[in-house]
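First comes one chain, alone, set out as structure tokens in the form predicted alone.
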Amino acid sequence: MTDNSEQIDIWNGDIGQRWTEEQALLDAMLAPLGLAGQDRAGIAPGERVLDIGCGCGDTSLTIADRVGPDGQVTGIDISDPMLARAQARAQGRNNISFRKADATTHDFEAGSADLIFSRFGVMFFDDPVAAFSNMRRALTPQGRLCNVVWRPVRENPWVLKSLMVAAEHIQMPEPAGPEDPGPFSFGDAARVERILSTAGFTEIGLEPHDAKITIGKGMGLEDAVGFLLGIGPLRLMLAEEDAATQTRVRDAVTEAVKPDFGEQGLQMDAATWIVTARNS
């Protein structure tokens, strides 16, 4: 039996609230990666799209522009604060709706979607095979999937640099297991292929997409580092440390990423997979 209760609690708690408050900065950081996925998906006017893990609605809004007035976008998420922000942003848009639902167990209408899209929203399932099997039911026989997910941490300097610096100052936790949910849990291409094929998908492909992302758009270096530490995996680790240690880590990370700061702000390398597949 699947149990996503931990993730539901997380995204309805402090982290969900934080991501809602930082929505504009997070969208500026992640939007180019999501748009690359939407380009690859070949979204056409009139299509019906499920946006899984839609968060505060940025991807749903841009997909709605692509499907036009004859199409429909349904954003699915488990976070009340993020969905409230999404609904507020989509007011007056007749081709968008949002639903609080767990994609693993939600009773999707069979054949109701042409595309399942996600920007960093599918890596947190307790049982990903069950989740993707359930979502696949929503697709038409010719339906397709396109998800943007992170490649491993070692290929993402925007995370790796701060983790390596912090490890010199604090005790790092044991790394997540290969089957544990988390933001980088879809980094292993073979694991993703296994999950999707077991769930019934065919023509599975993982295309690497590399880009520079802007962290803390419009901020100076120190504030951008504060934003980075507030949204990344170090957030909870640093919360356990005293103020002096937090300051040492923040100062050390600031020094480490200084070469990445320029006229456009703090821009760092990011590595994703654009995952594609078909229902049949």
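The first residue of the sequence shown is number 1, and the count goes up from there. Remember, it's a predicted structure, so these values are computed and weren't measured experimentally.
Below, we turn to the form predicted in complex with a small molecule, even though it does not appear here.
Proximity to the small molecule in the predicted complex, defined as a heavy atom within 4.5 Å, holds among Ile78, Val165, Ala130, Leu206 only for Ile78. Interface residue among Phe124, Trp158, Phe184, Phe98, judged by heavy atoms within 4.5 Å of the small molecule in the predicted complex: Phe124. With the partner omitted here, the stretch from 206 to 214, 186 to 194, 171 to 179, 99 to 107 that lies within 4.5 Å of the small molecule by heavy atoms in the predicted complex is 99 to 107. Contact annotation: Leu30 falls within 4.5 Å of the small molecule in the predicted complex, judged by heavy atom distances. Within 4.5 Å of any heavy atom of the small molecule in the predicted complex lies no heavy atom of Phe261.
Shown alone here, Pro233 lies farther than 4.5 Å from the small molecule in the predicted complex, counting heavy atoms only. Although the partner is absent from this view, Asn279 stays clear of the small molecule in the predicted complex, with no non-hydrogen atom inside 4.5 angstroms. Judged against the small molecule in the predicted complex with a 4.5 angstroms heavy atom cut-off, the residues Asn4, Trp19 and Phe120 are in contact without exception.
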